[in-house]
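Coming up is one lone chain in structure tokens, specifically the form predicted on its own.
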Amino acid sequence: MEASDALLVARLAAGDDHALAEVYDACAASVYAVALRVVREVSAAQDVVQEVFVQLWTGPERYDAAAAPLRTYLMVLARSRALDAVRADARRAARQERHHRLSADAPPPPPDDEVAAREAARLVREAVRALPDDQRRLVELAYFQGNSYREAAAALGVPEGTAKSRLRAALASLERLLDHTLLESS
């Protein structure tokens, strides 16, 4: 077949479907064997064979007769498509696993954990309310509304350095207030 590879490909480029049938008859078994070795599944290997011959039919100009025999070109193409299929399956499986983990219903937390979380949230809200107004507004902007310190500084009309130092002071005050409050409640 090697001597006529260039002629077969020229016939393919001209749209001769008999040329495709000739190539298929001569090479399909080899292409299938390569695909099956890689994907290890009959239907997936058949899909790879189909992709290879469709690619040959739609782009015969990609084949270079001087580089390798047509059978070798098709087998290399089959290996490449088969590896692509294996990688796609692995990515799909990983996505499904991630989706399953994320969408799986997590068991509800125990009631005592919910009570403790609500109590901690109440204590934090009280501690924030006890801060001086300028510090409280910065904490609310930065932590409750999700602004950066730059955005919070701009919203309050203060320099960024001032916002940073007020925020640090507020966090130190909250730490002291919450440590004291938590020690009293235990």
Partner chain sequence: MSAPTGPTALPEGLRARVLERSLGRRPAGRATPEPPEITPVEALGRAARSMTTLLGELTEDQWRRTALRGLDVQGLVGHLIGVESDLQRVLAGDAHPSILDHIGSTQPAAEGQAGRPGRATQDAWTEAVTESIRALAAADPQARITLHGARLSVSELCIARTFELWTHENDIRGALGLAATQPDASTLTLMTRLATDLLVRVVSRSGIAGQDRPLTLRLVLTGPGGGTWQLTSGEPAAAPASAFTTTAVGIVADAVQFCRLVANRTTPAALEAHVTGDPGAAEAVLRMATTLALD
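Residue numbers count along the first chain shown, from 1. Model, not experiment: these values are computed from the prediction.
Below, we refer to the form predicted together with the partner chain, which is not included among the displayed structures.
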Item to complete: Flag A21 as yes or no: does it have a non-hydrogen atom within 4.5 angstroms of any non-hydrogen atom of the partner chain in the model of the complex?
Response: yes
Discussion item. With the partner left out here, check for me: in the model of the complex, does some heavy atom of A169 sit within 4.5 Å of the partner chain?
Written reply: no
Practice prompt. Examine E61 and determine whether its closest non-hydrogen atom to the partner chain in the model of the complex is within 4.5 angstroms.
Written response: yes
Discussion item. Can you tell me if K164 lies within 4.5 angstroms of the partner chain in the model of the complex, counting non-hydrogen atoms only?
Written reply: no
Discussion item. Suppose contact means a heavy atom within 4.5 Å; in the model of the complex, does that hold for all of D5, L12 and A29 with the partner chain?
Written reply: yes
Worksheet item: Tell me, which of A130, A154, A68, A33 has a heavy atom within 4.5 angstroms of the partner chain in the model of the complex?
Response: A33
